[in-house]
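In the block that follows, a single chain appears as C-alpha cells, in the form predicted alone.
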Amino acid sequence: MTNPKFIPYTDFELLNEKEMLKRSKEFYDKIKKRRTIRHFSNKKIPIDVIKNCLLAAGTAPNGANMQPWSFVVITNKTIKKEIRIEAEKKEKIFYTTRATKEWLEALEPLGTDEHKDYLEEAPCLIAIFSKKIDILPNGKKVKQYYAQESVGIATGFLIAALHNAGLATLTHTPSPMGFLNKILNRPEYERPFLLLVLGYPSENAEVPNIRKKPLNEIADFIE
C-alpha cells in the first residue's frame, strides 16, 4: 500500500460564535422554505445553474473518496415521456396491489396516486445512479464502498443547492427503477437511486398543509 499524500487544509473558515449562530439561523430560515411540489411550470432552467448544483453535490463526503454516483440530466421531451410511461406502470402496481392499507393511509394526506404528470411537465429530470463498482480508464474494475450512503448524502447536497439557487424539486422513487438503465442506456453496474424532478412551481402550485417535527422530537442532547 502506497503512503497517502496529504496537503495543508487552508480553506477552513474559523468563525466567532455570533457569526456561527447567525449563519446557522439564516440557513435554517432558507431551507425550511423548501417544499416538495407536484405542479411545475415549463419554464426552462439555465443549464449552468444545474451544472453548478451538480458540482456542489459532487463535493459530498463519501466512502474512500470513490464518489460512487452518476447524474443524468434529462430535458428531452421524448425521453421524459418514456420515463413517465414506465414510472406510471410501476406506480399503478404499487397503488393497486403492493401498498398495504396502512401505507396508503399514510400517503393519503399528500394526495398522491399513480399519475405522475410532473415527469413530463417539469423542464428537467435528474436520474441519480449509485455505482456498485466503477470502471477505471484502464478498464480495471474497482469496488465501491458505502455507495448507497454516499449517494444519499450527495443527493441531499444537490437538493439543498437547487433550493438555494431558486428551484423547486420533487424526489421520485418508483419501484423497481431498472427501466431507467434501459431508457438512459446506463451500464448494469449502475443502480437507479432516485429520480429528481426540478423546475419552477406553476402559478397554481399547492402543497399539503403539513408540519415538520420540532427539535425535541428529532434530537436528544447527551452532556
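Predicted model only: the values in this text are computed from it and were never measured. Each residue number is its position in the shown sequence, starting from 1.
Heads up, the form predicted together with a small molecule isn't pictured, but that's what we're talking about next.
- Here the marked residues Y118, T173 and K212 all reach the small molecule in the predicted bound form, each with a heavy atom within 4.5 angstroms.
- Contact with the small molecule in the predicted bound form, judged by any heavy atom within 4.5 Å, is made by just one of L110, I85, I133, L104: L110.
- Contact with the small molecule in the predicted bound form, defined as a heavy atom within 4.5 Å, holds for exactly one of T36, S41, N181, Q67, namely T36.
- Residues within 4.5 angstroms of the small molecule in the predicted bound form, judged by any non-hydrogen atom, belong to 163-171 and to none of the other stretches in 55-63, 41-49, 183-191, 163-171.
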